[in-house]
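For reference, the chain that follows is the form predicted alone, supplied as structure tokens.
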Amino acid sequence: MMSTVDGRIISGNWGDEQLTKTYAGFFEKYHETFESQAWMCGRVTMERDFTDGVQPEPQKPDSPIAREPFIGDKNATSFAIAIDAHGKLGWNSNQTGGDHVVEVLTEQVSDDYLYYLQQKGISYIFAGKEEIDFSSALNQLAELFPIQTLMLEGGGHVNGSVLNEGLIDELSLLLLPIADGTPGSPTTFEVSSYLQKKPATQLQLTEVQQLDEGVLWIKYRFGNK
């Protein structure tokens, strides 16, 4: 993740567009240093940064579709995981940036949307009836795909939900020399009000590096890992 000193993660509030691009370059550079087979984002982040705002075009299937996993590309080795509880994302193809798209859905998603994903060759799994069960999602991703390490990359509410379930092993954070202060702007971890908030998690500092432009790269292990 990448955040300001006050934890804000929405780059649109940071002002200097060129400097923000520089920070984004740092993010991509250090992202590549991790050996992972998949990365995961929430719907809002995916829609804003990876789908080009494409809207889905659901079609009526010939028959009801069972609520069971669908594998769109059995040969894929790298994956972009989209948390899309209500089935709202549209896609141009079944990959983004060369990574095969896997949608994590709830069982309330319509047959029309499932048929749309199948027609696109996009994989999907179900993790919960109405709300995402992240423990179930991660277990299925490990069982159905060649995924051993997954990078969680926002937004704040997805991060907060996974944190709240105690499912994070490590935090890699680019701390930017910016004080944002935008009211209501999401932070690195946001536990939604409808969740039962669990105790705060203690972290263990493992590494700090000072980068250019006053950026700190900080790594932590989670205390329960």
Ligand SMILES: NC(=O)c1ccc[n+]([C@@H]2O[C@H](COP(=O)([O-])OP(=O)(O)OC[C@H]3O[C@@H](n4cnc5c(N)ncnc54)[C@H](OP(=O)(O)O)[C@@H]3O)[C@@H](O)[C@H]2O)c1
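This is a predicted model, so every value here is computed, not measured. Numbers for residues come from their place in the sequence shown, where the first is 1.
Omitted from view is the form predicted in complex with the ligand, to which the following refers.
With the partner omitted here, the residue from M151, V109, A142, I132 that has a non-hydrogen atom within 4.5 angstroms of the ligand in the predicted bound form is I132.
Within 4.5 Å of some heavy atom of the ligand in the predicted bound form lies at least one heavy atom of P186.
Among heavy atoms of T45, some come within 4.5 Å of the ligand in the predicted bound form.
Residue contact check for F27: one or more of its heavy atoms lie within 4.5 Å of the ligand in the predicted bound form.
Contact check for D49: a non-hydrogen atom falls within 4.5 Å of the ligand in the predicted bound form. Stretch-level contact check against the ligand in the predicted bound form with heavy atoms at 4.5 Å: of 152-160, 31-39, 59-67, 196-204, the positive one is 152-160. For the candidate spot formed by I147, I218 and R221, no residue has a non-hydrogen atom within 4.5 angstroms of the ligand in the predicted bound form.
Annotation for 1-16: interface residues with the ligand in the predicted bound form are M1, M2, I9, I10, W14 [heavy atom within 4.5 Å].
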